[in-house]
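Read the single chain below, which is given as structure tokens and is the form predicted on its own.
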Amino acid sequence: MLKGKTAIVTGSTSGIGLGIAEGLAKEGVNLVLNGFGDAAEIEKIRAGLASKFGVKVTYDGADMSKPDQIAGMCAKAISEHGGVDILVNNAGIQFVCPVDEFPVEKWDAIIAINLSAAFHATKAVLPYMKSKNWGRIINVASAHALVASPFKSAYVASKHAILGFSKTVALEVAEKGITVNSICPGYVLTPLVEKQIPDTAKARGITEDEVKRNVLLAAQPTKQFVTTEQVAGTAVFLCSDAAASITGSHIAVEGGWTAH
């Protein structure tokens, strides 16, 4: 059902995004990868996915804080792949700091990449999806789209907002064969999470091991980190025919965190 379709997955050179890209490639989906990193390593990832799954894989290094680059990436994807059937807005950044000390430039960057980038990419691909009467838009939110944690004001605000954005777009395109949903993962040991551990330790005055045990996994009743494969499996399901009537919704993949 998905074989031969094309997906843009932002922030897909590592972590959750790469996991979702691989999950879609297994289903025969052609890919546009996006993200930062070492050029040689990114090429290795691109070529590896193409070879392993027999799909077309291209890379676009668009800066997701730049609207013109996002529009250019989407236009290039439509030109090179013949269209964009699936959009996964996954790119995200984090910064941990008390709100009264929060650097303005960090706030602006987080809102731009975590929230505004999803708007710009969605706006760019929707005309193609409407013309085909089929599309899947998946916004990777967070358990922090449903609950809050201290010292993460910009991140929590951006993730709460992405749920509202998803619901609104879902209503607008409900009769066009396009679904728009959010996935809300709990803590996954991605580079993004690993980078915030030292800052959280400093902000709370505790050790990094205590952050993992008493802050991160304390929120998840399973006491297990969510895996990229679990998030990817959810994304693949949302792209399937079985999920055609699921739109404007969110799926929490967070070990029971928000059941508290």
Ligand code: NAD
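Worth saying up front: this structure is predicted, and the values here are computed from it rather than measured. Numbering starts at 1 and follows the sequence shown.
This next part talks about the form predicted in complex with the named molecule, which is not shown.
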Assert contact_stretch over 98-106, 123-131, 169-177, 85-93 against the named molecule in the predicted bound form, heavy atom within 4.5 Å, equals 85-93
Checked Glu27, Asp199, Asp63, Glu208 for heavy atoms within 4.5 Å of the named molecule in the predicted bound form; positive is Asp63
Q. Three residues, Gly23, Gly135 and Leu238; all within 4.5 Å of the named molecule in the predicted bound form via heavy atoms?
A. no
Is Phe165 part of the interface with the named molecule in the predicted bound form - any heavy atom within 4.5 Å? no
Applying a 4.5 Å heavy atom distance criterion, does Ser153 contact the named molecule in the predicted bound form? no
ask   = Taking the shortest heavy atom distance, is Ala218 within 4.5 Å of the named molecule in the predicted bound form?
value = no
State yes or no: in the predicted bound form, is some non-hydrogen atom of Val193 no more than 4.5 angstroms from a non-hydrogen atom of the named molecule?
yes
Near the named molecule in the predicted bound form, with a heavy atom at 4.5 Å or closer, the residues from 27-45 are Asn34, Gly35, Phe36
